[in-house]
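Take a look at this single chain in structure tokens; it is the form predicted alone.
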Amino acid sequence: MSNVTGAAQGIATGEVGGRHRSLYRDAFIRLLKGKPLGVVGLAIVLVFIAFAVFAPMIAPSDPNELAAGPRFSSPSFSHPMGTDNLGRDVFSRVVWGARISITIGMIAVVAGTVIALSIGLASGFIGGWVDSIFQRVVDAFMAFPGLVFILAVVSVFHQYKIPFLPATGIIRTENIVLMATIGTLLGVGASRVIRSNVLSLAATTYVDAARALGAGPMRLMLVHILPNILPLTITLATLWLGAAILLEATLSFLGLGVPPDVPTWGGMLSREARQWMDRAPWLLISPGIALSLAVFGFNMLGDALRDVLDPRLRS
């Protein structure tokens, strides 16, 4: 009986950090050893993150520099991906496009993760009228097609400016609206998955033991339930990154995403490539391959993380 009580006290005091760190370390080792596609996805993701972080050092010229080379110059040593109709270096624009697309995707995913965890934890653990209200809101939200929702919100708020935000750069009003909208779309839809896992965890023995030893609701949620849904959340967030980048590219292609003065993969496909693809096919191929590789990398990494973090799929 004393052993059971000691184990329960260990659970109630949150002495599980070491086990969770061991879980993630073991998962990383299993990823490297048994998931070759996951390793490929991780390598692609790291390359694009390096592009995003070190874009000023990697890009040979400014992405908006006019006459950086001859107009419609085909790929060469001086311009690996050629030049566009204004003589801008396409490789530089693809590299800077990685910074914009990945930054917007990551911030949108962070916002979506916070929304999904907030709704899922509150709805699944508290239950009752709180669960009913949240789920009816989620039902109403999911009744709208995702792309239609994003187009409607971005179209309405596209003309407004937040006074204290800069007029140029990534953190401008248009980008904030875009990231918040994509994050809301991803987070509200995924809150159902988080809620279902919270419901199953709330009925486990170790949560009952912690509750019997005096752990309050906030401690139960943050110490005993939240760490156990983090593997699922990490997997979902990795998969969301590919979806968020693709949504940003879609909106930029439709002219409702990032402003034209900021190079993005979707904007390059919408403007230069669509107009001059017959004369300069590399204007379509270069950003298209970059976008496809980024989505592929994040999806492969997400699938591999799901396999190594879910104990039911480890075999």
Partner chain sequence: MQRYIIRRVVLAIPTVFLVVAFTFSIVRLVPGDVVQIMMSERPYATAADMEAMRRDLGLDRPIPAQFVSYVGDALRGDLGESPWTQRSVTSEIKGRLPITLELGVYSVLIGLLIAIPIGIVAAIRQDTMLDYVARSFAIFALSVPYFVTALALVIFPVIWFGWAPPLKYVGWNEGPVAHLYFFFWPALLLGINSTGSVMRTTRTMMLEVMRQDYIRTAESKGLTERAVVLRHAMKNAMIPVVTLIGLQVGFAISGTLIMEQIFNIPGMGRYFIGAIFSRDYWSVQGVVLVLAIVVVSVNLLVDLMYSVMDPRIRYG
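Positions refer to the first chain, counted from 1. So that the term is clear: the rigid core is the largest set of C-alpha atoms that superpose within 1.5 Å between two forms. Keep in mind that this is a model prediction, so the values were computed, not measured.
As for the form predicted in complex with the partner chain, it is not shown, yet the points below apply to it.
Asks: Against the partner chain in the model of the complex, would residue 300 count as a contact residue? Criterion: heavy atoms within 4.5 Å.
Replies: Heavy-atom contact with the partner chain at 4.5 Å: present for residue 300.
Asks: Looking at the partner-bound form in the model of the complex, is residue 144 within 4.5 Å of the partner chain by any heavy atom?
Replies: Result yes; residue 144 sits at the interface with the partner chain in the model of the complex.
Asks: Spell out, yes or no, whether the shortest heavy atom distance between residue 261 and the partner chain in the model of the complex is within 4.5 Å.
Replies: Looking in the model of the complex, residue contacts with the partner chain do not include residue 261, since no heavy atom lies within 4.5 Å.
Asks: Is residue 304 part of the interface with the partner chain in the model of the complex - any heavy atom within 4.5 Å?
Replies: Answer no; every heavy atom of residue 304 is more than 4.5 Å from the partner chain in the model of the complex.
Asks: Verify the flagged residues 42, 54 and 176 against the partner chain in the model of the complex: is each one within 4.5 Å by a non-hydrogen atom?
Replies: No: no residue has a heavy atom within 4.5 Å of the partner.
Asks: Specify the contacting stretch among 112-120, 99-107, 213-221, 130-138, defined as having any heavy atom within 4.5 Å of the partner chain in the model of the complex.
Replies: Going through the listed ranges, the match is 130-138.
Asks: The partner chain isn't shown here, but in the model of the complex which of 32, 58, 254, 47 has a heavy atom within 4.5 Å of it?
Replies: By the 4.5 Å criterion, the partner-contacting residue is 254.
Asks: Sort through 200, 78, 74, 155 and report the residue having a heavy atom within 4.5 Å of the partner chain in the model of the complex.
Replies: Result of the distance check: 155.
Asks: What residues, if any, in 240-254 have a non-hydrogen atom within 4.5 angstroms of the partner chain in the model of the complex?
Replies: Heavy-atom contacts within 4.5 Å come from 246, 249, 250, 253, 254.
Asks: Core-aligned, is the CA shift for residue 283 between the shown form and the other one 2 angstroms or more?
Replies: Shift of 2 Å or more: no.
Asks: Note yes or no: does the Cα of residue 271 move by 2 Å or more between the shown form and the other one after the core is superposed?
Replies: Shift at residue 271: 2 Å or more after core fit.
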